[in-house]
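There is one chain below, alone, in structure tokens, taken in the form predicted on its own.
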């Protein structure tokens, strides 16, 4: 992988399952990391970087993050959107029962916030004539859901999830096409299922369906994000890359 030393990289969802691993690996490679998450209540030193609060439901919070980053470091070399904001009742409803307000709020939290932070970071990168953005989709933004993996316990997958992730995927293609003239690259990482102490029946069914016979781990996803913000990917843009153990291959 090409050198990441002193590259200024914003990571949203920095305290999340995948976000923590991305931050760790960026720091290991001497990047300067702006780790942004709603759990952070004030600026805090990260050694080579800083932790900053970020509430993705607030445009002013996104503005403050970007302004703070530029004031501190003078530029933004990369943005990795690893955040996964959602309402407290996420995953509770079958499609037929989903309240419209629940759908609407989650689209606002996830899809609309991706639009806004991409737009504001792109304005900085346009002035620089360089930069790399990595958005997060999902296997369920690429292919339809396999509902058989939930059958043993009557579970389901949120209808809004596939719509949001599919939207992020094609929005990424739009941005890559539009921003290429400024030297800005935009790609989308689509993880498969990531192990997070899910119920035994789900893990068993998922592993049976997946060609590699296991769920993913954060360290299966983070290196791909690092590569995409590095100069090793300097001619890669508009790509939708699944890190899924082969899930979308079959």
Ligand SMILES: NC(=O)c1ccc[n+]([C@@H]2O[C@H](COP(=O)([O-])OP(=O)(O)OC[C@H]3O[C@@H](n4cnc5c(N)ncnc54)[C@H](O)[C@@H]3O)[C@@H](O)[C@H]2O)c1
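Numbering follows the first chain given and starts at 1. Note that the structure is a prediction, hence the values are computed from the model and not measured.
Missing here is the form predicted together with this ligand; even so, the following discussion is about that form.
Q: Using heavy atoms only and a 4.5 Å cut-off, determine which of 172, 106, 132, 138 is in contact with this ligand in the predicted complex.
A: Among 172, 106, 132, 138, a heavy atom within 4.5 Å of this ligand in the predicted complex occurs only for 138.
Q: Give a yes or no for residue 57: in the predicted complex, does one of its heavy atoms lie within 4.5 Å of a heavy atom belonging to this ligand?
A: Judged by the heavy-atom cut-off of 4.5 Å, residue 57 is in contact with this ligand in the predicted complex.
Q: Considering only heavy atoms, tell me if residue 27 and this ligand come within 4.5 Å of each other in the predicted complex.
A: No, no contact at 4.5 Å.
Q: Looking in the predicted complex, any heavy atom of residue 85 within 4.5 Å of this ligand?
A: Yes, contact at 4.5 Å.
Q: If we define contact as a non-hydrogen atom of the residue within 4.5 angstroms of the partner, is residue 15 a contact of this ligand in the predicted complex?
A: Contact with this ligand, yes.
Q: If contact means any heavy atom within 4.5 Å, which of 121-129, 157-165, 91-99, 69-77 contacts this ligand in the predicted complex?
A: Answer to the contact question: 157-165.
Q: Using a 4.5 Å cut-off on heavy atoms, what residues in 182-203 are near this ligand in the predicted complex?
A: Residues within 4.5 Å: 191, 192, 193, 194.
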